[in-house]
Structure formats: structure tokens, C-alpha cells
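Below sits a lone chain in C-alpha cells, taken as the form predicted on its own.
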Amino acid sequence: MFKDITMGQYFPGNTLIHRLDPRTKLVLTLLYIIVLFLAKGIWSYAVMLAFLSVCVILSRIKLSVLLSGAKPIVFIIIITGILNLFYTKGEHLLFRVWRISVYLEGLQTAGFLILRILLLICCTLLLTYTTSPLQLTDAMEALLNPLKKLRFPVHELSMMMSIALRFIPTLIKETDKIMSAQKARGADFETGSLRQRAKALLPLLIPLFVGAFRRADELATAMESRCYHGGEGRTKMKQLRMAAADWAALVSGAALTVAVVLLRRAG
């Protein structure tokens, strides 16, 4: 059930996207998310889709692998689309069944919202697929470095997010193993009422949480035994350097922002 979920995984490669500085990729991802919420109208979303499509092609990540990351929230996406479809009123009525009316504006709103969620998921997954957790940690720490003057725990926050990303695939595999073991013992996770299915998850959640806490304790012990004490005075094996491709990528991100803003005003 969980074997095809690729959330949090890193796919090594030597493509243009893989070689970009992690700070560039992190800034572009944040900028893309912000611009995505500014997009309005079919042309704005077409530009956003085209930009992401180029990035996916350059990264050589399969589209099926990228879309598989959306599987955990497919139900939420469907419910969100249905609610916007039936509860958005407008001037152009498409059809009416009993008390349910569907308008063209509702269909457009639902379609744009679903597309926005999918683009949001794909751009964040593309970041994790092409950037290792260690690179993400270094990028976050470098970008948040000015906050150290305010005694903000920059390194601790970056390390915590890196560890969380690192253990997502591990927890998914462990969940699949526990679920298979429980099914072999007669557990049923797919039939029955909602209450019965929720109760059936208890034999799954308890060992999963116990295993997660055990792994966290083992990791803390391993870090302490190696005299790990945070980012103060520590050096990096790979220094972050901006190349010409990074500046070109940032310029393309700025151009995307300008294009979407202009299309929004024109619409």
C-alpha cells in the first residue's frame, strides 16, 4: 500500500537541476509557492505549469514518480474540488439536480484549486527529489544565518527538518511492514464502518510510534557519542557556491513572478 509513496526520498543524478545550488532551489521553491497563490486565470496557471514542466524535464524525474507523492492527500483534493464545485455560485448555470446547482464559475474554481494543489505538491517534491537532506540543511542554515544574531536556533531547526525528511521513507516502509504483519494475523483495515476502521488502526499506530521513539532515542545517543554539539565551529565538507546556472535560474524565477503579476492585473 505504501511501497509506491516516494515522499521525502532523494534520487541522485547529474542533471542541471541536481547541480543547482541548494539555496537557489530552496528560494525558487518558496518563490514558486508564493507566485502560485497569486496566479489567477487560465493563462497564469498555464505559465506556472509550463515553468514546472521545464524543471521536471530538466531533472529527468518521471512524471508518474512525481504524481505518486500526491497519493496520501488524494481524498483531500477530491473533497476540496467537490465542495468548491457545488458551493461556488455564479451567473452561468450548467445544470441543476434537485437542490444542487453547478455553475461554470464553480467548475473553474474547483479546477484551478485542484491544479494549484497538484503544482504545489509537485514543486515541493521536485525539491526533495533533486536535493539531498544534507544539502537542504546547509541551504536552510545559510539562508537563515542572519537570524543567529537574534539568538534564533537556526542550526537546530535546519537539522530537525533534515532528520524529519530523512526518516519519512523509513517510517513509510515500517508502516507497510507492520500493516502486512497485522493483516497476516487477521487484521482488517479496509472494510467496516468508519469507527471500526479507526479502531483497526490502533494495532498499526502503537508499534509505529514505539518504533519512531526508539529510532529517535538511538539517533540522539549516536549523536551524543560522537560529541555532536550543533553548528558552532563546525565546517562543511562541501562549500556552497553560486554558479552562472544559479543566477540564470533566479532570473527565470523573477521573470515568472513578473509574468504572473502582469497576467493577474490584465485578467
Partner chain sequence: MAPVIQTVNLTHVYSPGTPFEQTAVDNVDFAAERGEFIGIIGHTGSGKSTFIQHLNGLLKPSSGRVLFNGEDIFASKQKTRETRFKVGLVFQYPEYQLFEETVYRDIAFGPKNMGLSDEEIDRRVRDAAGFVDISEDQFEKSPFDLSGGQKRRVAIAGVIAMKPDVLILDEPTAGLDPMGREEIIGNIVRYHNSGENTVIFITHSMEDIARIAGRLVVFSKGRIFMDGTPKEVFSRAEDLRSVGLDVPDITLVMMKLKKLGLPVDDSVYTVEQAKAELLKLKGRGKDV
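What we label the rigid core is the largest C-alpha set whose atoms superpose within 1.5 Å from one form to the other. From a predicted model like this one, the values you see are computed outputs, not experimental measurements. Residue numbers count along the first chain shown, from 1.
Keep in mind that the form predicted together with its partner chain is not shown, yet the notes after this line are about it.
Does Lys183 reach its partner chain in the predicted bound form, with heavy atoms at most 4.5 Å apart?
Close contact exists here: in the predicted bound form, Lys183 approaches its partner chain to within 4.5 Å, heavy atoms only.
Counting only non-hydrogen atoms and a 4.5 angstroms cut-off, does Arg214 reach its partner chain in the predicted bound form?
Arg214: contacts its partner chain in the predicted bound form.
My question is simply whether Asp188 lines the interface with its partner chain in the predicted bound form - judged by any non-hydrogen atom within 4.5 Å.
Contact check for Asp188: yes, within 4.5 Å of its partner chain in the predicted bound form.
Indicate whether its partner chain has at least one heavy atom within 4.5 Å of a heavy atom of Ile178 in the predicted bound form.
Ile178: yes, in contact with its partner chain in the predicted bound form.
Looking at Ala50, Ile33, Val210, Ala222, which is the one with a non-hydrogen atom within 4.5 Å of its partner chain in the predicted bound form?
Looking at the other structure, the residue within range turns out to be Val210.
Which one of Ile206, Ile42, Leu58, Met242 is close to its partner chain in the predicted bound form, taking close to mean a heavy atom within 4.5 Å?
In short, Ile206.
Of these, 115 to 123, 143 to 151, 170 to 178, 99 to 107, which stretch puts a heavy atom within 4.5 angstroms of its partner chain in the predicted bound form?
Checking each option against the 4.5 Å cut-off leaves 170 to 178.
Take the rigid core as the frame of reference and indicate whether the C-alpha of Glu174 shifts by 2 Å or more between this form and the one not shown.
Yes: Glu174 shifts by at least 2 Å between this form and the one not shown.
Can a Cα shift of no less than 2 Å be assigned to His92 between this form and the one not shown, given superposition on the rigid core?
No; that C-alpha moves by less than 2 Å between this form and the one not shown.
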